[in-house]
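Only one chain is included here, represented as structure tokens and corresponding to the form predicted on its own.
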């Protein structure tokens, strides 16, 4: 329901009953949350975190999905502008392709607060809150090297090429792994963050490289697809390391499957973006730099049991 219509209905209800509904008393306006598909639990955690925090702070919310399609994302920004959104929380559909939409919202007086993925220009969004992907990738690579015993053939599954994070993570991996001459990368291919695609790619990689000893993946979803393919081939001896900190990979680690992942705090990051949006709307400033990095945490058999919905408990 259009937010203005909801407020109008609230006013009508006051006249009829003399009681002001809670949303009419507390609503501070509409926050639009735009993410990739919630089929990936990481993006679902982002959307859920932002949605919950915005409602706690008294905002109406509209949660939308761009499916990594920049054209669809542009249309969703038009929707947000037409709805009179107060702010937009965005995990974008491309570092270059998203700049124009964020600028259009800014020109309409709607500030954007980015999470997870950066865009290529500064001064367009108010905040860009991203995980320290390079630091996290180095953590994952160090664990991978240790698990591999510093030697053997391995493959790398890359994320979507249009996503800056894919390149940063791969660089972080290689800046560690390439220091070990006995670790030999025999295959490297994108699976576009997809579990289904990773399964197919892993099947081909394994057929071409029967001596494969390890797989390092740009995210957990691809790691899950790779491990499923390895399991189907009876090759559960192959070491798999992911990146994200999903509950699915946590369960696999605890069951002795995938060996490690790197937690990036999706839920907390999204809530932080909403907090900054609220502060900006209230005071005109977040009081922080536009670009903000959040460090990642290695997850392995030692601490996997403490992981829940992209957050590490006690």
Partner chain sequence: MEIADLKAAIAGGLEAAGAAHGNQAAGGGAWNFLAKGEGTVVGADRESRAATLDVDVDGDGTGDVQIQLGPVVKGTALRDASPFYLFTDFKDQIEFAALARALNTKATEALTLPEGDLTGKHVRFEGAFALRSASEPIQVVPTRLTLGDRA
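Positions refer to the first chain, counted from 1. Predicted, not measured: the structure shown is a model, and the values here were computed from it.
One more form of this protein, predicted in complex with its partner chain, exists but is not displayed; see below.
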Query - Stretch from 214-222, 118-126, 98-106, 201-209 whose residues place a heavy atom within 4.5 Å of its partner chain in the model of the complex - result: 118-126
Report task. Consider residue 71 of the chain shown here, and say whether it contacts its partner chain in the model of the complex, taking contact as heavy atoms within 4.5 Å. Result -> no
Query raised in the report: in the model of the complex, does residue 236 have a heavy atom within 4.5 Å of its partner chain?
Result: no
**Report entry** its partner chain contact at residue 292 in the model of the complex, heavy atom, 4.5 Å
**Finding:** yes
Query - Partner proximity in the model of the complex: residue 176 to its partner chain, non-hydrogen atom cutoff 4.5 Å - result: yes
Requested in this report: Work out which of 78, 142, 197, 231 lies within 4.5 Å of its partner chain in the model of the complex, going by heavy atoms.
Outcome: 142
